[in-house]
Ligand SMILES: Cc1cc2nc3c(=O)[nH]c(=O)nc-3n(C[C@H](O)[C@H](O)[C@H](O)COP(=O)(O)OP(=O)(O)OC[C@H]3O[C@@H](n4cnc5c(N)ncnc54)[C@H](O)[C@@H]3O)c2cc1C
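Single chain ahead, written as structure tokens, the form predicted on its own.
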Amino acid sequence: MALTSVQSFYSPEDSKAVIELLDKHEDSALIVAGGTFLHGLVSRGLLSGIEALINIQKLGLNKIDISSDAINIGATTLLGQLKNCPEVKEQAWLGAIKDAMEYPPTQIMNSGTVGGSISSSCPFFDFPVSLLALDGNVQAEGSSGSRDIPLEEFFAGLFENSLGSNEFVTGVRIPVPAGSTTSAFIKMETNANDLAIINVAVCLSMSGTGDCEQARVFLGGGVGESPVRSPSAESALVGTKVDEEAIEKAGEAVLNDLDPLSDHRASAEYRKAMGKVLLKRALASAMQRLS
């Protein structure tokens, strides 16, 4: 299936030009960079009205800036760049991103972008789930200026986001947590190149005495039209040492928050069962990073 409706292709060199093009073409325009998911959207019949493609690769958004309070990742940063970032490789609190970058094939790592992974609002992708666990924010720009959107508010449904009509994603911001924090991500797939049957990301902040002060648990890959948070599992973890007993209780608790779908990859029942299994494995992996 081809994208036959496209009549124009633009490569603007600044954000103002991008916004002007979005104003001009309105709903018939699509922002692209790596373009790795274009086929997936076309095959699902989601781009039938697209007449203009706006390539943002010339905007200089392919940088990773690290400060004492946040990591800012530009929208056109390649997933491969992110994987090779020293902080992602070495720091326990970024473990969920490190883990998520182990799954995509080389072709995707060398062309897929951070912004595209987020903007697509595909519930089967991996990076957004890891970013949710780390309390990430989407950075967007439009005619009204720039704004940060909590990632939990960004996803509005299946392949839908909360961007305004002339807004586009310029990057993501991950706040640096205080104290001892660790995270992990794990995914189940049918083969090395497939979308997730189910995936799980966790982030745990521990006190000086080894108790869990804060927990964030998110699941994606067919659990809903957008990734799902599990407050039940989080409550089961806070105040504990996150030992085997606490991990088992969190695994049972996560079932309260899961109502997955059935499709050609897996049944709802199977997804629910594996959600419990993968959560326990992710928690064990996160805790191992602290030691």
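Only a predicted model underlies this, so the values are computations on that prediction, with no experimental measurement involved. Numbering starts at 1 and follows the sequence shown.
There is another form of this protein, the form predicted together with the named molecule, and it is not shown here; the text below is about that form.
- Although the partner is absent from the chain shown here, Thr36, Ile56 and Ser120 each have a heavy atom within 4.5 Å of the named molecule in the predicted bound form.
- With a 4.5 Å cutoff on heavy atoms, Val88 does not count as touching the named molecule in the predicted bound form; it lies far away.
- Although the partner is absent here, Phe168 sits close enough that one of its heavy atoms falls within 4.5 Å of the named molecule in the predicted bound form.
- Though the partner is left out of this view, Val32 does reach within 4.5 Å of the named molecule in the predicted bound form, counting heavy atoms only.
- For the chain shown alone, Val176 is not a contact residue for the named molecule in the predicted bound form, no non-hydrogen atom being within 4.5 angstroms.
- The listed set Gly115, Gly95, Gly221, Gly136 contains one residue whose heavy atoms approach the named molecule in the predicted bound form to within 4.5 Å, identified as Gly115.
- With the partner removed from view, the residue among Leu132, Ile198, Leu204, Ala75 that has a non-hydrogen atom within 4.5 Å of the named molecule in the predicted bound form turns out to be Ala75.
- Of the candidate stretches 229-237, 62-70, 251-259, 37-45, only 37-45 has residues with heavy atoms within 4.5 Å of the named molecule in the predicted bound form.
- Using a 4.5 Å cut-off on any heavy atom, the residues of 103-129 that reach the named molecule in the predicted bound form are, in sequence order, Tyr103, Pro104, Pro105, Ile108, Ser111, Gly112, Thr113, Gly115, Gly116, Ser117, Ser119, Ser120, Phe125, Asp126, Phe127.
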